[in-house]
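The chain below stands alone and is given as structure tokens, in the form predicted on its own.
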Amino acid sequence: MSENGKILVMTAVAVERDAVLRGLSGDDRFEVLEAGVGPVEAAVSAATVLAQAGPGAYRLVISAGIAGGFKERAEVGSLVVSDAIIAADLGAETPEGFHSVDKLGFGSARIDVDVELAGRLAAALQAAGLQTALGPVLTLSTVTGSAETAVELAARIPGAAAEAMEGFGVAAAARRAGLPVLELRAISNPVGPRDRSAWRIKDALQALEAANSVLREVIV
């Protein structure tokens, strides 16, 4: 990864942005912006920022925020660093089950990340005492609300660690601009039935802040 240019961090909403900024402590190598909620808003926002800035303005794009974690892969309060970003609902329902756009022959629902950086970040987070999983982060326009869907996703995408709504959009914009991408998520709730009483958003935002403090030391 080139040392020229800034690192663009895109979050969905302001509370995530603020947590990231607290963790980064004014490090001027980073620019942190709101992308909006969902893959379309995220893609449009990130693509607009990258196009307006022009070539060389950024060297890395990160999608960051809170997310749902898959049982036994990412517990509430832990962190997930993506080793792939997957649009899990991009495809078609068929009598045989869900077929991704890859299987349909219409492109790919997977965007690879900067694997070397992802590994270094996950290792640094673990060394800092932060529970961290390295695995695929799923992007969905409609987040999971049932145990059945959670089981189906986990079976269809081996190793799936977290699901959120923006990563693939941000990653698609980065890919179009020829930039490496990463996704960093703090887990606020389990993937499955929606039980708001069990959500720990404050804890997840604190974990996100801590993660970005470590991120500063990993980026060179």
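All residue numbers refer to positions in the sequence shown, first residue = 1. Only a predicted model underlies this, so the values are computations on that prediction, with no experimental measurement involved.
Just so you know, the form predicted together with a small molecule exists too; it's not on screen, but the next bit is about it.
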Legend entry - Contact label in the predicted bound form: Ala171 to the small molecule, heavy atom within 4.5 Å: no
Inset, instruction - Mark Ala12 yes when one of its heavy atoms lies within 4.5 Å of a heavy atom of the small molecule in the predicted bound form, and no otherwise. - result: yes
Legend entry - Contact flag, Leu21 vs the small molecule in the predicted bound form, heavy atom cut 4.5 Å: no
Legend entry - Any non-hydrogen atom of Ser188 within 4.5 angstroms of the small molecule in the predicted bound form: yes
Legend entry - Listed range touching the small molecule, judged in the predicted bound form by heavy atoms within 4.5 Å, from 46-54, 173-181, 25-33, 66-74: 66-74
Legend entry - Whether Glu16, Val37 and Glu163 all lie within 4.5 angstroms of the small molecule in the predicted bound form by heavy atom: yes
